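Listed next as structure tokens is one chain, alone, in the form predicted alone.
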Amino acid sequence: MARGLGSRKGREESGLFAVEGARLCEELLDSGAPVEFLLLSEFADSAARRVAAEFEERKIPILETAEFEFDKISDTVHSQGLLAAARWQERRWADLKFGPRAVALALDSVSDPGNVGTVIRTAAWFGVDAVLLGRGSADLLNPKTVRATMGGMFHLPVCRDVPLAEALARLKGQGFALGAGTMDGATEWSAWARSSRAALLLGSEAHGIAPELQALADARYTIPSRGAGESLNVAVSAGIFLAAVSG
């Protein structure tokens, strides 16, 4: 079963996903998410064995395996020898509840797992209330995405395969002001976060935001360039935009 967690089909069939490494496994354990079992390599390092002991205290099954067997499952180059098979608790975007002050972030077709994971990590840092991954975005449970979140995905609601046109219209109906990060918007980029309920929409570097979604935005904002380069990485853009939340 563990070998199938590297593919989307395997994850969907089992309902499980892989969380690898001592730090991420510890974040997973602290989140209270259900864990089916833990794999521990015979050559696991001391940090991995310390975290494994915490799993054992929670009565979570631990399966020890030979190094060569573990390496067939591992997605990292220098593994610590620790991998948890967890069950993702799906969050439906239509069920999200927000307080009088809230920030939401939506991604339109951001297909790179590293970028999606880093955006989620950044959103968690700035206290974003929810992240909506539009259809066409990288799979949240891809091992590369999970690793790039650095545990951020366990600390805020992240919704997958969201029909963004419908979801963004709903947010606007709930009083959210929607700002879109584009290449041709107003340069007062921090203005998007001035509303008590604010939502930010970002797209891929290659294709930007779909026109029908841009049409929903109350305003478009651009991070002005003061040097060279065609565009900013979407995860870097997210960090700059989200800095306005705490500004």
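Predicted model, so just to flag it, every value in this text is computed and none were measured. Under this definition, the rigid core comprises the largest set of C-alpha atoms superposing within 1.5 Å between the forms. The numbering used is simple: start at 1 and walk along the sequence shown.
What follows is about the form predicted in complex with another copy of the chain, which we do not show.
*Every residue in Phe17, Pro34 and Pro113 with a non-hydrogen atom within 4.5 Å of another copy of the chain in the model of the complex?*
No.
_Considering non-hydrogen atoms and a 4.5 Å limit, which listed residue (Met183, Ile62, Ala219, Ala191) is close to another copy of the chain in the model of the complex?_
Selected residue: Met183.
*in the model of the complex, which of the stretches 130-138, 171-179, 68-76, 117-125 has residues with heavy atoms within 4.5 Å of another copy of the chain?*
This holds for exactly one stretch, 117-125.
*Report whether the minimum heavy atom distance between His155 and another copy of the chain in the model of the complex is within 4.5 Å.*
Yes, contact at 4.5 Å.
*Given that the partner is absent here, does Glu56 sit within 4.5 Å of another copy of the chain in the model of the complex, heavy atoms only?*
Glu56 lies outside the contact set for another copy of the chain.
*Taking heavy atoms only, is Ala235 within 4.5 angstroms of another copy of the chain in the model of the complex?*
Heavy-atom contact with another copy of the chain at 4.5 Å: present for Ala235.
_in the model of the complex, Ser246 touching another copy of the chain (heavy atom, 4.5 Å)_ = Although another copy of the chain is absent here, Ser246 would touch it in the model of the complex, with heavy atoms inside 4.5 Å.
*Superpose on the rigid core, then tell me if the C-alpha of Trp189 is displaced by 2 angstroms or more between the shown form and the other one.*
The answer is yes; the displacement is at least 2 Å.
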